[in-house]
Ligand SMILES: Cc1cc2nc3c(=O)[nH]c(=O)nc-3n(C[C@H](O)[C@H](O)[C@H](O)COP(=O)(O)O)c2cc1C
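Shown below, as structure tokens, is a lone chain in the form predicted alone; questions about how it binds or moves come after it.
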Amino acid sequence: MKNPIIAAIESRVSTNLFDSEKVLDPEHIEELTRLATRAPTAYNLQNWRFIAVRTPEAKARLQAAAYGQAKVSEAAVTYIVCGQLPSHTVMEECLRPSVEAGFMPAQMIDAWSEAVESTYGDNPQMQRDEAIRTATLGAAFLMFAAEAHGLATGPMVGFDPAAVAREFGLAAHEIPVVLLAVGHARQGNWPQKPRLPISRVLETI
């Protein structure tokens, strides 16, 4: 029997057609998000935010900012996955549970705080790159959390970031990186599209 993680990777498709009659309850949305936050982040910054858009009014606003893509309104929920510019000010909150669990020395909080400030503090490009990396990893984990729950997903980069930030009150340090529609697929979606041969994308040295 094939490993379920490998099976999910090999069978995942980018869904465009969703059954608009099927919904997800808040507890289900929360559980998917909990699993998404198991993704890795630099220095355990956890510099992301997930906005679950599920009401008709909110979906209409997001759909307008996503150039009218129907899956925003048809999916049970569409997540706005945001990356946050990294800041050393969150390190106490993010690392204290590891210290209390007994596997991280307390002095590492200050050490990692200094490292975050040194790495990102005066480098806007590095800050933005890290925010995008974090949100991308979170979105990937969210996709496979949905797969594990028997749900379909459709990631979207076709949207107006400024409009999304304005309509949904994003803070100045938050970047909307990807939209992820989640729900139940209906008939008519394409299968997974063939990939380039490994020889085209892998170099072993």
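Residue positions are given as counts along the sequence shown, with the first one as 1. For clarity, every value in this text was computed on a predicted model and none was experimentally measured.
The following text describes the form predicted together with this ligand, which does not appear among the structures shown.
Undergrad: In terms of non-hydrogen atoms within 4.5 angstroms, which of the given stretches 22-30, 166-174, 43-51, 64-72 touches this ligand in the predicted complex?
TA: The contacting stretch is 64-72.
Undergrad: For this chain shown on its own, do T55, T78 and L151 all sit within 4.5 Å of this ligand in the predicted complex, going by heavy atoms?
TA: Contact check failed for every one of T55, T78 and L151.
Undergrad: Although this ligand is absent from this view, report whether A145 comes within 4.5 Å of it in the predicted complex, heavy atoms only.
TA: Contact with this ligand, no.
Undergrad: Residue-level contact is defined here as any heavy atom of the residue lying within 4.5 Å of this ligand in the predicted complex; does P155 satisfy this criterion?
TA: P155: contacts this ligand in the predicted complex.
Undergrad: Using a 4.5 Å heavy atom cut-off, state whether R12 contacts this ligand in the predicted complex.
TA: It does: once this ligand is placed as it appears in the predicted complex, R12 has a heavy atom within 4.5 Å of it.
Undergrad: Taking heavy atoms and a 4.5 Å cut-off, does Q192 contact this ligand in the predicted complex?
TA: Output for Q192 is yes: heavy atoms within 4.5 Å of this ligand.
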